[in-house]
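We begin with a single chain expressed as structure tokens, specifically the form predicted alone.
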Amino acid sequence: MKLYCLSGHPTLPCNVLKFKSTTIMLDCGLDTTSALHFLPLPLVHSQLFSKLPGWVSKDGAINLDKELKECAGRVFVDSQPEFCLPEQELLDLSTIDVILISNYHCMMALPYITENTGFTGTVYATEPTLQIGRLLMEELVAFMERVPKAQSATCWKNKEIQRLLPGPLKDAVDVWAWKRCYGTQEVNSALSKVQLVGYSQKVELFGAVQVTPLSSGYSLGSSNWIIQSHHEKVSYVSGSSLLTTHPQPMDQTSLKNSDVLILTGLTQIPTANPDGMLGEFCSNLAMTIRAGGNVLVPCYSSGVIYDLLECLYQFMDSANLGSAPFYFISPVANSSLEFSQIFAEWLCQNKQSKVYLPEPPFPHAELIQTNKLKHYPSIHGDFSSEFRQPCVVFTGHPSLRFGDVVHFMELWGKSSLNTVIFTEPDFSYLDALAPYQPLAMKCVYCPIDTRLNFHQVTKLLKEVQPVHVVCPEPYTQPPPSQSHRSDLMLELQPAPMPYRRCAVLSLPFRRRYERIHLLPELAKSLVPSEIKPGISVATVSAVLQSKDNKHVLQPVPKAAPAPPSKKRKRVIEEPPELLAPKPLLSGAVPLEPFLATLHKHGIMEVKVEETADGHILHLQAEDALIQLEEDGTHIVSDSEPLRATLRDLVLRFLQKL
């Protein structure tokens, strides 16, 4: 069993498992943090970003003023942002049989994997994962296509040039794996390969293994996966949560008795408590609105935003925020809010019960009805005529490099009354803000990540007790900034197996058994013999047929009689006669009783020699030798009658099957 690691990012995994003649890809996350090295894409003409000086090395030897621009003391790439893809050279992607998706954040690289690689397999995901994943992909494509950039910057990626660039560009890794965003056609083609599954639904793969999604408690439709054969079990835990938020709670019991547990997607901010962060978010928002300022929340169009809106709904009246409007701006804002209300069976019990009242499970439906929350596809059109301040704006992208958020950063950045609140933990907020400096607006970092922390996962692993744990390398050591915090790493016995990008792990796990089916007529002919209490053995002569990874023992076919013929008889080779199998022997020959038996039969002079495997008996008068070993007995004698007598004496102590 082998694991190919195509991504080293702990929360955006992409691994390939080779297990029992199947090749299974586990997630295909897209690392968008590479976008932080690029200039923002403004929706309207920008005074700030249109007049930036090009970058030239101090000695003037390297002039990349067309590709690189200096902004706020740093150097950025002036082209459409590119994303870091999973490794594509480690194995042939056309050999992948299936792709299992655990949540919508971990499927953003799907079009790069399924299109133009020869992939012909199937993708399995739950319905909310597919639909919300589609929204996030369509939003990403819309952000890029609204602000097209003609040139593509590639010269700076040359190794010799890159090492001479100022940081952090100089330290960017895998830059040749960075690619521009896919298009709508590729998104539709990739998602047409998805087959929908429900929680606990068992899916057979070629008769070899069975895969089953389990609720992971992190987001709508998010799953952990069980991959098992009759005798082996692999659990894949990715992006799971034990907190009581809007999704169905995590299914932990099904993870028990795993031979291997692959663990990814733990919280990115283990020191921050999500409830505390929500409280801080609400109080900072209220403070800004009361002072007459605006609040900007860069966020994804699905996920934490539902919890933020619910929290604000409960907090608003007590904080006297009655008049300030909330705007949600995204090309897929309307679909996202509607989808969250219709996936009732994927929600926690409390929200499910509301559907039968009938009430909308999320309070943002009421916020929309009362005109408290308004949603728009972009800042153009209706929004510009209905926009009033002070207000709260939820919009993307959290990297601050593309989407409507770029416009609001420029619009509100110069006033200290305004606040930008970062809730998504995927990006360093200081790097995200770098091209907008100097900023007058207040910046608040309230990262909300409900995924498992190290304390929770250690407790979970103690309960489910897998034999082996595999995890990303960063989980096996404390964070570099807090090297003294041994509680911020996985400390397990035995130690987990770490992986990094481009690693190939041979999992310490051997397949020992295979299930074989007996046909009823063959089973009827068996005569079991009990060799010890509760264990019976029977000999069988049969034909083993293996097809579609299923093995069947069938009776040996009888030879068909030759048809009568008037022509001259030809010699027909008859099939060999089926002989009765020789009896199998089991048990051990005990030394003292055997010596007593030899004495009874007149063999007196026996010299016993002890060996590593048993005993050697020298019959001195008869000039013969008997070797008694754990798994066999050897009789050496020139006299055939004596050999036969000794054989019969040995057989008295053994059981025949």
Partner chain sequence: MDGDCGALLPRVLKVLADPTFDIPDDTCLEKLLDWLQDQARLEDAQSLVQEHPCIPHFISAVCTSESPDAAILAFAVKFTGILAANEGAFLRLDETGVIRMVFGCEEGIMKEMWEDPSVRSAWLHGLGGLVQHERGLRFFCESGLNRVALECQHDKSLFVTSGANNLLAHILNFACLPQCEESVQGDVTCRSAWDRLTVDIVKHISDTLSSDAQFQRRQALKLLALTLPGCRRPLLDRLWAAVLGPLELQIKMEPNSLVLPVMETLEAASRTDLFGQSDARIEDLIEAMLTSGDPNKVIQSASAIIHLEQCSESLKRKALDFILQPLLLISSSSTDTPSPVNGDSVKVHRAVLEGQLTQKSTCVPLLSLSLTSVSKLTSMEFQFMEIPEQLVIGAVMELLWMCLGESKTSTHLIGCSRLQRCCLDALSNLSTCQGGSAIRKNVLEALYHCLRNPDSEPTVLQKSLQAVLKWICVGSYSSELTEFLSQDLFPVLKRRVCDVQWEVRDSTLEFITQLSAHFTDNSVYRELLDCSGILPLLLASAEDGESYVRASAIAALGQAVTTLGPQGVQDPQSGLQDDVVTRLMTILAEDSEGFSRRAVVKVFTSWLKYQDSPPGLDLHGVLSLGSDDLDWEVKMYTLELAEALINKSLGLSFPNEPSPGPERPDVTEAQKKLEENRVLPVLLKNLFDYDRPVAHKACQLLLRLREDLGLTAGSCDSVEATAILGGGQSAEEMVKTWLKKRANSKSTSASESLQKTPDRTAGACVAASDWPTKLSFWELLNCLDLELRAQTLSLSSDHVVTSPRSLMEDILSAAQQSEDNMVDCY
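Residue numbers count along the first chain shown, from 1. Note that this is a predicted model, so its numbers are computed, not measured.
Below, we refer to the form predicted together with its partner chain, which is not included among the displayed structures.
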With a 4.5 Å heavy atom cut-off, would you call R485 a contact of its partner chain in the predicted bound form? yes
Would you please decide whether N284 lies within 4.5 angstroms of its partner chain in the predicted bound form, comparing each non-hydrogen atom pair? yes
Its partner chain contact in the predicted bound form: Q369, any heavy atom under 4.5 Å: no
Indicate whether F83 is a 4.5 Å heavy atom neighbour of its partner chain in the predicted bound form. no
So, a 4.5 angstroms cut-off on heavy atom distances: do all three of H45, S57 and D78 pass it with respect to its partner chain in the predicted bound form? no
Just to be sure I understand the contacts: of F339, Y199, F315, Y436, which is the one whose heavy atoms reach within 4.5 angstroms of its partner chain in the predicted bound form? F315
Here the chain is shown alone; which of E280, D307, D174, E473 has a heavy atom within 4.5 Å of its partner chain in the predicted bound form? E280
Which is the contacting stretch out of 520-528, 341-349, 118-126, 286-294, given heavy atoms within 4.5 Å of its partner chain in the predicted bound form? 286-294
Using a 4.5 Å cut-off on any heavy atom, which residues of 4-38 would contact its partner chain in the predicted bound form? none
